[in-house]
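A single chain comes next, written as structure tokens; it is the form predicted alone.
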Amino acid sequence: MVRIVTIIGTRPEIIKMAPVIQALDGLGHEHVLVHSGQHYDLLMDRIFFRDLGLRAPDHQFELKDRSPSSQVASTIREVAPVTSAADLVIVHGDTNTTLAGAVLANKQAKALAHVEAGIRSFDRTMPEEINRTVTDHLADHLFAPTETARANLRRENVTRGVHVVGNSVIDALTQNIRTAEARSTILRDLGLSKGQYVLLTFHRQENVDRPGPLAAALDGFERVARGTGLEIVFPVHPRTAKMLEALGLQARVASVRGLRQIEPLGYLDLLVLEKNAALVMTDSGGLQEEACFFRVPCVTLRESTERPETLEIGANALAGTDPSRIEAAARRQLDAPREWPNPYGDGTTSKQIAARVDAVLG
């Protein structure tokens, strides 16, 4: 029997790969699911598995407290026995787990498929940019979300095995939004009304691990809350909470009027908050895509994005962590027309990937 091994490690990978995993499970091949445990809270990961109706991993590890290099090395060491008999290894995105799976497949001479291939920020100071680029150059089968991603690969002389299939985030959204709206009570629980608040997520290493960008961003959030009169709802990522404490900024964040800190959310609650927000401010890649789908304007708290399609259609604006730029971008996006097209496909990405995999494996 043909053996497929899919390796994931973070909550964005759980979300985006859930429909792909389900489609691969339906092929009739042996399909082994590995979760590296790269993210911060395995309990939260299990909540995401539950919310998405995804089966438990066949192999579960825990790498959250290790350095990036140790995460890559440990994943290779731990997962090697699982992939040793694989006919195809599948990874997603740009995490340390992604890179580890790609290098492992290469060293074991296994065919490698990369889901969400070809996206580029063109900022090599981002660890994710290195991870995704290396993975693309090791992959045999590259599932690109857009023609822009295919063009990026072509510029790097990667042309064989490339297929534009859309982004599986759309599959996840279309499969889960009705369930989310039926089950979630988050708006009522928080006393929120549609279009009367801003959703904020903020956790990336370059933003929260240094006091300068983190403090500047807090000033920006304060300006947005004061200038728009909208409450900012802020599910605080464990990494951000840790760094606010380590950098002595807890009192500062607590002093920002209109900034409402809440605990991290499950996937269904987060979908409902996204869909009903007046504006999303984020440094997450996935939320840029999701906000675009929901036609909720976005401000990206970074200097670059690997989702340029969102900028081109006016769904998104870059602001970095400069307070004045954050405020200006928020005001501009709140006034933006919400008629942009969805550039990420029609919700059949997982079926297309499964069909390609089945054709390759026979």
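Start at 1 and count along the sequence shown; that's the residue number. Being a predicted model, the structure only gives us computed values, none of them experimental.
This next part talks about the form predicted together with uridine-5'-diphosphate (UDP), which is not shown.
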_Selected contact from 158, 79, 265, 192, since only one has a non-hydrogen atom within 4.5 angstroms of uridine-5'-diphosphate (UDP) in the model of the complex_ = 265
*asked:* Using a 4.5 Å heavy atom cut-off, which residue among 162, 230, 259, 270 comes into contact with uridine-5'-diphosphate (UDP) in the model of the complex?
replied: 270
*Verify the contact flag for residue 12: yes if a non-hydrogen atom of it lies within 4.5 Å of a non-hydrogen atom of uridine-5'-diphosphate (UDP) in the model of the complex, no if not.*
yes
_If we define contact as a non-hydrogen atom of the residue within 4.5 angstroms of the partner, is residue 284 a contact of uridine-5'-diphosphate (UDP) in the model of the complex?_
yes
*So in the model of the complex, does residue 235 come within 4.5 Å of uridine-5'-diphosphate (UDP), heavy atom to heavy atom?*
yes
*Is there any non-hydrogen atom of residue 222 lying within 4.5 Å of uridine-5'-diphosphate (UDP) in the model of the complex?*
no
*Given that the partner is absent here, state which listed stretch (117-125, 104-112, 287-295, 247-255) has heavy atoms within 4.5 Å of uridine-5'-diphosphate (UDP) in the model of the complex.*
287-295
